[in-house]
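Only one chain is given next, in structure tokens, and it is the form predicted on its own.
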Amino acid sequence: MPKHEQRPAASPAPDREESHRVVIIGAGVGGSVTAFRLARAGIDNVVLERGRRWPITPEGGTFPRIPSLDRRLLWLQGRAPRPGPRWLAHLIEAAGADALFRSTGLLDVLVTKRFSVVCGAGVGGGTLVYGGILPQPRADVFRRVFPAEIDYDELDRTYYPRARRRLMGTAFPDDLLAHPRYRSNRLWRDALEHSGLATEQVVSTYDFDVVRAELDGTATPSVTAGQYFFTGCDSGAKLSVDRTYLARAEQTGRTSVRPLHNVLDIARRRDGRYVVTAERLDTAGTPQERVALTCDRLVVAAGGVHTPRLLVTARDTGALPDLDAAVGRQWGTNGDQLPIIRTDDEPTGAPQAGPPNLLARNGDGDMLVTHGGLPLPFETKLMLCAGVGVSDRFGHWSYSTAESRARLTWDPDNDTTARRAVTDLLRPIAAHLPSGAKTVNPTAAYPLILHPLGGAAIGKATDAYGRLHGYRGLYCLDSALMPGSTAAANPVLTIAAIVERCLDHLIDEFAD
């Protein structure tokens, strides 16, 4: 199995020390939901985020844009995903092309010989670069994936609606489809209508009034030019969590967000308090100082890569030796697939507008697929689709004392069923597109993982509410809490709903 290795920085003597009631590591979905709930309950908290802020401006130049990419694209040690011949990868490295894009950039990419994992870096986490859709998994698939203690009916009744409302989810408005930019979405809609598949209108985190402003020329073309995933959304139409949950938390005055604070390690002191050591960076990634933050309660919400890495490292280096053996296990990809439909002679428009308008599921509900516009300024006759399913098996994080590094082990064969399921699901859709459309899956041989989940699975590494076994006052409340999958649905809604549920049970502990 391929192994991705990342050496953690040694914990140096801090330049400065601080004391806090609650520290939250990570400003993505889980960290933002946690900060909001604590702040609303009157509990002060500090959020540490390794990436920078990405504020929306009237000039519309916040994010790197395809095809004119720049140093804002990649996070420090990140490398661009590079499926293809090994000689090409070596040529790119020899030319130093990666160095042109490295800074405290938007995408944190872990590259191995057989797969790449993509995470968002910045205040807002993965929601800065995700497609913004909020599907809810089907009950039977959810119950198959999640432990029995997580009551789907309770989520459906209380927490999914709450999370959807607080994320500001909105159904895709049909009037947009009349615009020429949405030609590929219309092709997708028509093919779905004739395919006989069960379809749903997509609910997503967009302000569609801003999308309309893009179309009438009063806002920077972003979503409507395909610039809404991977490279962000300059118009501000996409409502990432830094503009919803986290903004509300900061407005209370109870939440302090620290961008460009890269956490090096976590530990517990003899007095039972936790200590988080972080480097404060400048925008080029140069360390400016080392800060040690002690706290009574520590929430690890650094995402599906960095949360398990931090926890496994802490357990196996003796910093948190009583963490459960399940920490690092059940790491998965949410069955991510990125197939493409090639329409041959049928134009798909350029650039293709987003976000997705309709989704389809297979009969078992264990594969979901959508179509969203490509950000290329020329006709491609291609339709990018995104599928999520359920993995056959999972990977794990481990720590090598000899090498002083945490390693991710995962095999692309773990998602064989998901690869087959997305092909089967797209076949009747492609059959109802004009000109004999064909489906290809360019990431089948070299997976591009966009939804890393697990490594601190709920009900195994934690109890049913995110308390990490072995320690009082230590919690995992983010995508790492998911059991390697969110049951064939894009994960943000389920992550937010489950963290909301956990905090309903935990909030009194933070007030102690």
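Numbering starts at 1 and runs along the sequence shown. Quick caveat: nothing in here was measured; it's all calculated off a predicted structure.
Separately, the form predicted in complex with a small molecule exists; it is not shown, and the next lines address it.
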property: Stretch in contact, per heavy atom within 4.5 angstroms of the small molecule in the predicted complex, of 439 to 447, 45 to 53, 460 to 468, 62 to 70; result: 45 to 53
property: H261: touches the small molecule in the predicted complex, heavy atom cutoff 4.5 angstroms; result: yes
property: Contact test in the predicted complex: I133 vs the small molecule, heavy atoms, 4.5 Å; result: yes
property: The small molecule contact at F230 in the predicted complex, heavy atom, 4.5 Å; result: yes
property: Heavy atom of H306 within 4.5 Å of the small molecule in the predicted complex; result: yes
property: Sole residue of T127, T224, Q337, S184 within 4.5 Å of the small molecule in the predicted complex, by heavy atom; result: T127
property: Contact assignment for the small molecule in the predicted complex, among A302, A237, L246, L311, heavy atom within 4.5 Å; result: A302
